[in-house]
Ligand SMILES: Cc1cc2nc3c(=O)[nH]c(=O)nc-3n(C[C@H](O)[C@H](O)[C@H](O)COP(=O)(O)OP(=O)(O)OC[C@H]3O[C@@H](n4cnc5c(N)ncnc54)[C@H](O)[C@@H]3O)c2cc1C
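In the block that follows, a single chain appears as structure tokens, in the form predicted on its own.
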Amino acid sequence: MKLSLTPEQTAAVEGARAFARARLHPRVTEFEERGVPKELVRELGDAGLLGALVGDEWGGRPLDPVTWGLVTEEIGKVCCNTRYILTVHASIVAGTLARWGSAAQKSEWLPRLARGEALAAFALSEPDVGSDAASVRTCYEKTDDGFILRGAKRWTSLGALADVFLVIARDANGENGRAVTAFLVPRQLAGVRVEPIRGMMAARGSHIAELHFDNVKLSRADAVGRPGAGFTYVTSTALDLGRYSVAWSAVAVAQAAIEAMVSYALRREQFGRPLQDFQLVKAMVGDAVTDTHAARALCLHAGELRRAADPEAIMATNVAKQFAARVATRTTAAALQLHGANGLSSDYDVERLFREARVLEIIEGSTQIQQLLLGDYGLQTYARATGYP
């Protein structure tokens, strides 16, 4: 697929590429060991990389979905830990708030998020709740002037560094306990406690944390969207935005793996010949190229549908996420295999890429959840095509 970009789109993608090379590439190892620093968030904001889903009126620099995807690929190809800021902060939280937030919430938070003056995280997963997101146990009780929030969240990317959390909780006294509401919870509120999670296989520099909410007092103005409709609207929007970003992130990791494979195959010699001369090496590179091009094409298709506000965009995004995440796993495994024992060393990028690819099959809907969802979609869609009632 030949991609034709406008001058504005080209400038945005090239700007992200230049930023990644100059500001991220030299510090990848540092970020991996110490985590991305808070000052990087402001740098990303100054570079216009955090306001892609925020309107001009709120200080954003809006990008169409295709351009935003290509920008995410450029950043993710160089530094996965920085890419989490684009996925969680700029896509999931800022994008969801831009759609469902009140005028007061948008006025207070969107300019700060777009400029990188405040960092946001999305708090959905819990110690005992992962894929079954509708069954969150973190709960709230209504009071005369607001809400009391209690419970815990786990695996919150950027949680240890964030200034504000988009928290999903259920009504403790609601019908069947299933009514869900989203809240904006500033970190400094009394009762908010953050515990960093160590020892992660991947996303080591993305400040993953466990969050505790011990009778946190919230005002009515802290609810995002209509109370009780938080899963249908807010959570669904957040997950859709997250899956689109993760799909492009998988393309980024796969593309980085291809480039590492090629570089190694050109330089490395075995049996007196460069690796590139061996047919099995060419086959590995060929499969990786085919897979990655196909994943990128699915992402571009999803992006075009999102730009056109086509109802099929959500399912196209699921298809892209499911396929691209698997491609990232296959391609990074092949890249590591091609490197032999060197691939097991952190001296080579493929070791990090292999680890980072695995998490993409788990976050924002595991591969198995995506399979079930797409299976239902296929049965319904193509049953109609066959004329089956």
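None of the values given here were measured: they were computed from a predicted structure. The numbering used is simple: start at 1 and walk along the sequence shown.
Absent from the display: the form predicted in complex with the named molecule. The rest refers to it.
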Partner proximity in the predicted bound form: residue 183 to the named molecule, non-hydrogen atom cutoff 4.5 Å: no
Non-hydrogen atom contact residue 124 with the named molecule in the predicted bound form at 4.5 angstroms: yes
Close approach of residue 11 to the named molecule in the predicted bound form, 4.5 Å, heavy atom: no
Contact test in the predicted bound form: residue 154 vs the named molecule, heavy atoms, 4.5 Å: yes
Listed residue that, although the named molecule is not shown, lies within 4.5 Å of it in the predicted bound form (heavy atoms), from 66, 333, 28, 362: 362
Heavy atom within 4.5 Å of the named molecule in the predicted bound form - residue from 297, 200, 134, 283: 200
Partner-facing stretch of 185-193, 155-163, 251-259, 268-276, counted where any non-hydrogen atom is within 4.5 angstroms of the named molecule in the predicted bound form: 155-163
